[in-house]
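Coming up is one lone chain in structure tokens, specifically the form predicted on its own.
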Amino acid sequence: MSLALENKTSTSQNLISLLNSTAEKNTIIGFEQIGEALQYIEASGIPTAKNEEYKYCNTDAILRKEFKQIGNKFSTPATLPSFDAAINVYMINGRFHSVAGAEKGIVISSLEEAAGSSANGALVKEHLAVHALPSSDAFTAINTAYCQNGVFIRIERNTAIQLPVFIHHITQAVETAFINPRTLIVAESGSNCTVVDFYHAAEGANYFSTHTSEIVVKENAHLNHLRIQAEKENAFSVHTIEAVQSADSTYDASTFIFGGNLVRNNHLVRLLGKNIESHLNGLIIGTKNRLIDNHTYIDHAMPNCNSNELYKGVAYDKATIVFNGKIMVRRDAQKTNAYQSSKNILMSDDATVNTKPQLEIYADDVKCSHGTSTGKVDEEALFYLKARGIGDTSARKLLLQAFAQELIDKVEIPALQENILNLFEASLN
């Protein structure tokens, strides 16, 4: 099928030309889903600022360059990043590369290997491209049609994995590149695990990435999911995370963003059983001309569930930070407790923060609230510190660290917490 989008923007044509000619369609997702994805791209095109969901996210900036498919061509870096006392998984230029470390009760492999195995093939077929529907978003559709060998993680039933799993996403492309990583995580009933997505990029790497993750948290399972996005100035990325939870499960998700030219995160969580806990947290530092856009959607479909959401942002220079969060409480979701908060600090008169917290409630026995605040550094607190001999720059950094510490403290891995704190402090410089 060849895509023809004559009525779309000229910058979109750069990407469409790539999809028609050089991009390699994947072999791990079914033909039906690929066909649905291609039809959606043809019908809807690439979203622009005229699309309400992308009102503040200028995707034309992503498409201005002529990206090239990387394919299998890459060289393994001389030194791979790693964390001690952890299972380290490596994705290089959007493709599964290797695993270092192991623990009983967890399966980690390429999606291609998992799809072809007797033990995991049915699980891949049941969940891959089923929760993140190709017809839900243009970039999810692109990823569905053109992703290459991604990563598969299965935490086996009633297993508590002691070591955290670090997925290192390494991009080393020098030319403008187009990569489409894919992740499928299945936490089976009664399991417990921590998974960390860590995004690295070599200096000078230029790329557009569509990363789609599908996360399945079964009955009474607990998944702690952390994401550290510390990419370089020439990184343009759209990330979609679709998590589905069953009864009595817990999903804790924290996102830390310290880099990237344009970062768009779509984080959707569906609570499909009773007595579910969901927590979404985010810390964003925007500098220079960066655009960082976070959209969240928490769907309460069943009763007696709790969700909490806290996003904090600091905007410097001419950066733009966007938070658009929606909580849906459906008719059957009685006794729902749902709270959402967005707090932001402007460090420059030229910086911009756009926030839009939303509640859509169809049940009558619920406790729900949302709020947002945007302002500058507390001048009274700043004066207090400076009156005690602390310089202006140091005093501002102390106040910002106090602002961010609540979220950093939620990271229970000491080495990772220290790493995040170092990235935070470096971004303030």
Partner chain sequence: MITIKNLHASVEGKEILKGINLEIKAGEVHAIMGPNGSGKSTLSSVIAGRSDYEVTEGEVLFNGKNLLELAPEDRAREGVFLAFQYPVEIPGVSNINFLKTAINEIREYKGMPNIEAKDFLALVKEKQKLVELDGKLANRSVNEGFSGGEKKRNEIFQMAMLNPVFSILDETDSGLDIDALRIVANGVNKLRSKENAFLVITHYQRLLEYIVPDFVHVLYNGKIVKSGTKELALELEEKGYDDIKKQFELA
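The structure displayed is predicted, hence computed values, not measured ones. Numbering follows the first chain given and starts at 1.
Another form, the form predicted together with its partner chain, is not on view; read the next lines as being about it.
K.L.:
Please tell me which of 363, 34, 399, 28 lies within 4.5 Å of its partner chain in the predicted complex, judged by heavy atoms.
P.N.:
The residue from 363, 34, 399, 28 that makes the contact is 399.
K.L.:
Contact with its partner chain in the predicted complex for residue 52, defined as at least one heavy atom pair within 4.5 Å: yes or no?
P.N.:
The answer is no: residue 52 has no heavy atom within 4.5 Å of its partner chain.
K.L.:
Quick check on residue 385: any heavy atom within 4.5 Å of its partner chain in the predicted complex?
P.N.:
Judged by the heavy-atom cut-off of 4.5 Å, residue 385 is in contact with its partner chain in the predicted complex.
K.L.:
Does residue 394 make contact with its partner chain in the predicted complex, using a 4.5 Å heavy atom cut-off?
P.N.:
Contact check for residue 394: yes, within 4.5 Å of its partner chain in the predicted complex.
K.L.:
Using the partner position in the predicted complex, report whether residue 43 sits within 4.5 Å of its partner chain, counting heavy atoms only.
P.N.:
Because no heavy atom of residue 43 falls inside 4.5 Å of its partner chain in the predicted complex, the answer is no.
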